[in-house]
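Both blocks below hold the same protein chain, though in two forms, and each is given as structure tokens: structure 1 and structure 2.
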Structure 1
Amino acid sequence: MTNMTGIFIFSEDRALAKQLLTPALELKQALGQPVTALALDGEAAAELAGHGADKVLVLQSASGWVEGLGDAVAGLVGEASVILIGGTQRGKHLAAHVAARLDAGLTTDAKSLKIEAGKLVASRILYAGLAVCEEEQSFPAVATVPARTFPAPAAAAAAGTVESVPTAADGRIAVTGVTPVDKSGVDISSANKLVSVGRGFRSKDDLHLAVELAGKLKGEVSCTRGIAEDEHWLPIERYIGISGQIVKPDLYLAVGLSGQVQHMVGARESKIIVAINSDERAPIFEAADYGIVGDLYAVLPLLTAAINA
């Protein structure tokens, strides 16, 4: 297959691949170029075709490992204007390979994308959220986009075409073994309501106050790094922050946590942030939409009872 022009998207994560269609379709309006999605199987391809991709190429590879598809993807997108790749660990590996092969610029963890003066302008967060950097790239331009940065688009009026492409994997890369990560509990990144706990709780037993409130809200409990890594009161999967989970719930109830920037990087994009803290000068109140200055041991039972009523 010859190189094609346009906007390309790829992620081995199906949910993230669909989310990439949203910025890709916006760039399509600016550039007047088609959107081509790359997929690893027919089911994912049909989903992408039904949500706005003009064409979907199913990469038929004997290995199936994303890490070995760098040369193949670079060959397909060689004349593309923009290549958007899901910002997973495997996706970032692939993006770096593709950018190097194309002698193209690469922006990682892009939060916004636009076209200005015939170039891609992408913004990303720096210094744990203290600054925003804008990077300008000539075409071809490669960018990785983290999960949940954009919502998935609605179903398209007409589905795009789907085509299978024989794909040769890089023989130098082999995966000799896979060890699944042993995760406990739920994926808090998909929760719509979170009650997040910090060091304002005096003991692990007291966390039942947050658990009960989260249950009434039909949400989940999350925490700061100190609660997960230092105290070991909750699993590491529930830790929110710069090196933990990034969440975007409809409601983020921050209880007994100070709101340091390292934590708020993971929660700053919540739709509504409600803070409960006995210290009226706590940084969390600067980030909160609503705040309650008070003892969490008095406030949480009252909130739970009010919701119950």
Structure 2
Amino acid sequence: MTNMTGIFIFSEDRALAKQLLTPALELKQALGQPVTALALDGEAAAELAGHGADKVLVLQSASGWVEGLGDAVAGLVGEASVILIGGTQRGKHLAAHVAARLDAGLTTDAKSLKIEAGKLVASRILYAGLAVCEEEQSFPAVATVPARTFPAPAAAAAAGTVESVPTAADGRIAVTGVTPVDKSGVDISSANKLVSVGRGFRSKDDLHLAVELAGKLKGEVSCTRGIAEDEHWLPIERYIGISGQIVKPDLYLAVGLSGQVQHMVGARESKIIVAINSDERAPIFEAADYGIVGDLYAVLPLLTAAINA
């Protein structure tokens, strides 16, 4: 299995794995090397083989614990030039283990990928989004790629081959329970308009002001980390930022939030950003297209009333 020069992709998240084929196929153009995908089951493998992977290896591991597959994956990717791994938490853990095993670099959360002079050049953020940097790596080069960075490719004309490989997993960790997160049915990342709330709100009861505005706008309510993690006023999957969700709505209406970089990195690709904040020096105004300097308790009811349903 070793000595296969080529481009490898893996994600346990099937949608993300498919998205990884898009940059992988670009790299294939640039390097003239085949794309091999690693998958966890036959169904996922068939999908990847049908969308451009030249070959898919189905990892047959007893445990299924992705983080424990590091040694096995490092063995399979042997002399790879580029390895792309889906940037979920499990994927990041696996990628770091594989990179250490291969004595390779690893770009976390790559936003763009290209080959220049025989090196992988990837862009990513630094300082929680304050800066963007370009990193270059010799081969083997590893990068994790966040979900929705690339679109999924169209179906391929010819399907790739699928092969099973028995895979050993790290047996030193015992997973004793898994509780899925209750997503309460809302996917903030797909909302077109967001009313995002911060610590300017004095109590959970006051959030109805944002809910009503979001209702008029046919949007959803999102928030800063403090509102979700510290106050528990909204579920954690509604908070935006470097450690939360990355969103790109048409309208991001930030109410009573200061606009610190760790938050804004999750919202700054929004088409239009609007800020409502009582402090005219709040950083959110620099990040805003439109803003009102004022008390949210006075402004929100007026704004909700002024928008025609």
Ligand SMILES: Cc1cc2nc3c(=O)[nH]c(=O)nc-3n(C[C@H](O)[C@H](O)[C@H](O)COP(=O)(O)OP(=O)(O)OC[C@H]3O[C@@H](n4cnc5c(N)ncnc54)[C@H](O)[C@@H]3O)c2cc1C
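Each residue is numbered by where it sits in the sequence of structure 1, with counting from 1. C-alpha atoms forming the largest set that superposes within 1.5 Å between two forms make up the rigid core. Just so you know, these numbers come straight off a predicted model, no measurement behind them.
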| note | Matching the form predicted alone against both blocks gives structure 1
| request: Once the core is aligned, please say if the CA of residue 158 is shifted by at least 2 angstroms between the two structures. | output: no
| Is_shifted residue 295 between the two structures (CA, 2 Å cut-off, rigid core) | yes
| query | Does the distance between the two CA positions of residue 41 reach 2 Å or more between the two structures, the core being superposed? | reply | no
| task | Just grab the Cα shift of residue 226 between the two structures for me, core aligned, in angstrom. | result | 7.1
